[in-house]
Each structure stands twice: as structure tokens, then as C-alpha cells.
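The chain below stands alone, shown as C-alpha cells; this is the form predicted on its own.
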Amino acid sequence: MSAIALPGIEVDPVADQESAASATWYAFRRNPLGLIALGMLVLLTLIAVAAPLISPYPRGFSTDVLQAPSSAHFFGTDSLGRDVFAEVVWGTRISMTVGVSASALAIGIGVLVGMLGAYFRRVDAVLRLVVDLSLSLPVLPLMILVAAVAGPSLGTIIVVISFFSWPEVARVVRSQALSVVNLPYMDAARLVGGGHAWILRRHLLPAVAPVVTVSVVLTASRAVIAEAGLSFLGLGDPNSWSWGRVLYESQQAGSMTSAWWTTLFPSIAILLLVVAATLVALAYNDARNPRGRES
């Protein structure tokens, strides 16, 4: 099926969406803070991808124990003489992998639940109850419990974080979808015999795409924070470096106060990612607001 045309109703959702996307991108480019934040996210992504080219993998130990930052070790060394710069660089890969993977899984579940609840009103009450109950749970203690029971691994961290992240996405998507399901072009799609799956994919999903885009960025940044917290508690993957594991190693060695560089640089990396993701989400949200484009 293509664009729907009924007497008195002329709708071309694809053209409207392309026009809105172009206007949003144009408005986003006029926001220097948003562009800087986007550049920071791109830089962190490049560091994660090019980690083997930037620094060798930190393993083993050396005699350069707890050396302050210098030309030989840009971020200093830890209690085993490993280069903190290498740990932060390789930690970027794992932390961003967890953020992207956990957010993708959470977004997938949340978008599906949110759209089904808004479109099929018969199941909305049940889905809304599940979402409300999930949001009322004490997330951090449960994440710690599940991660401890399942055992420390990268897969466990991703699943645990996504499992406790999708309800918020579902609530936001449902709220947006409710304002769309009764619009004329949705009624037109039903009148021409469009199937439920086609309507959801072709019309409802593009309508909620803007809030999904914001949710992806924010959920990914929160997933990085959650991974850092779980790894700092010793529940992360012991076989791979992440920013949380760098902090955990520093805490275990008792060097958090005596060797400030072992905690400062991974903390700055986490802060940069979270702030950049938040600024990008805010700039995008302002750019897709017609009133914001006019200002």
C-alpha cells in the first residue's frame, strides 16, 4: 500500500515525515551546543571503534605502580602498573557497547508495548498495569540482586539493564501514540482495509519515531551509568574493561584517594557521555518543536 487518498482527505505521511525531518535537522544545526554534544558522541564512538589503534589492551602488570600522569602515561598508572589511559580507551568500547545494546533491547520492548497499548485498547489496561508496576519497583536493588544471582558477564549486564529500562520507554511511546491513533489518516488506513501490522509499522511507528529517538539517546546514557554502578560493585564482566571496572579496580586497591587519576579520568568519561547525550536529546527535542524552529 502507498499513500492513502480518500474524498476530502489527502494524506502523504511519508512526504510529511521527510519534510519534518529536514526541518528538524536544519533547526538542530543552528544549535551550537547540540552540535558540540553530537560531535562528542561521535568522538567517543570513534574511540570505541578504533581502540586497538589508539592503545594496546591493558593486561598483566609492570613496575610503574601508581605513577602520576606524565608523557609516558597520559592518565597515569594503576596499582598494578597498568596504563589508565589504555583502560579508559578500551573501557569506552565496552561501556558504549552496553549502552547501545541495552538501550536497543529496552527500546524494542518499550516501543512494542507502548504501541500495542495505544492501538489495542482492550489490552491497554493490562499493559499499563504491568508498566506501572515495573516503574514502582526499586530498580537499583533489584538490578544488583539479579546481576549477583545470574553471575557477572557482559550479556547479564545488558539484559538486566534493558529489563529495568523498557517500562519508561513504553509509557512515553504510549502517550505519544494515543495522540495519533484517532487522527484522520489512521482512520483512513483502517477504511481502506489496512491490516493491524501494516498500520502499526507504516503509520504509528513513524509517528512515535521522534520520541523514540530521544529515548534511545537518554536510555543509552542511563545504561552506561547503570553498568558503571554494577561494575563498581563487582558485578560487571571481569574479563573486559569498562569505565565502571576501572573505578572498581581503584576501589579494590585502595587507591581512590591516594591516586586521584585512577578515578578522575573514567569519571570524566562517564560525565562527558551522559552530558553529551542529554544535550543532544534536548537539542533534538527543541529542533522538532515547530515553535522552537521559529525562535
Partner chain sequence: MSRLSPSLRLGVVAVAVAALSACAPSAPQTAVENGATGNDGDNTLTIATTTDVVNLNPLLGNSRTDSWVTNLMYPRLLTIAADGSKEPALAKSWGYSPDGKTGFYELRDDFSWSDGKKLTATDVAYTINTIKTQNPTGGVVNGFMTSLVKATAVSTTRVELQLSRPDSIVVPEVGFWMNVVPEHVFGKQPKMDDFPNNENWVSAGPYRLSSVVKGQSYTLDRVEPYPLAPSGKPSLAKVVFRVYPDVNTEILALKKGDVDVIGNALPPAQVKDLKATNGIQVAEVPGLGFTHMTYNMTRKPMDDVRVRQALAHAVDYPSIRAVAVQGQAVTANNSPITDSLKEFADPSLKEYPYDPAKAKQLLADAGVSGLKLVMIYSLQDPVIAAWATMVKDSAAQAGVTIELKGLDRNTYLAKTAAGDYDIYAGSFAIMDEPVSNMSLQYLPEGAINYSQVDDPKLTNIIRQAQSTVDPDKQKTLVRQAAGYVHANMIDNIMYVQNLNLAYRDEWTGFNIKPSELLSIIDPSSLAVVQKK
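Remember, it's a predicted structure, so these values are computed and weren't measured experimentally. Residue numbers count along the first chain shown, from 1.
The same protein also has a form predicted in complex with the partner chain, omitted here; what follows describes it.
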| query | finding |
| --- | --- |
| The partner chain in the predicted bound form: contacting segment from 38-46, 23-31, 63-71, 266-274, heavy atom within 4.5 Å | 63-71 |
| The single option of Leu142, Leu205, Leu80, Ile109 touching the partner chain in the predicted bound form, heavy atom within 4.5 Å | Leu80 |
| Triplet Arg59, Asn239 and Ser255 all within 4.5 Å of the partner chain in the predicted bound form via a heavy atom | yes |
| Contact test in the predicted bound form: Pro152 vs the partner chain, heavy atoms, 4.5 Å | yes |
| Interface membership of Gly234, the partner chain in the predicted bound form, 4.5 Å heavy atom rule | yes |
| Partner contact for Gln251 in the predicted bound form: the partner chain, 4.5 angstroms, heavy atom | yes |
| The partner chain contact at Ala148 in the predicted bound form, heavy atom, 4.5 Å | yes |
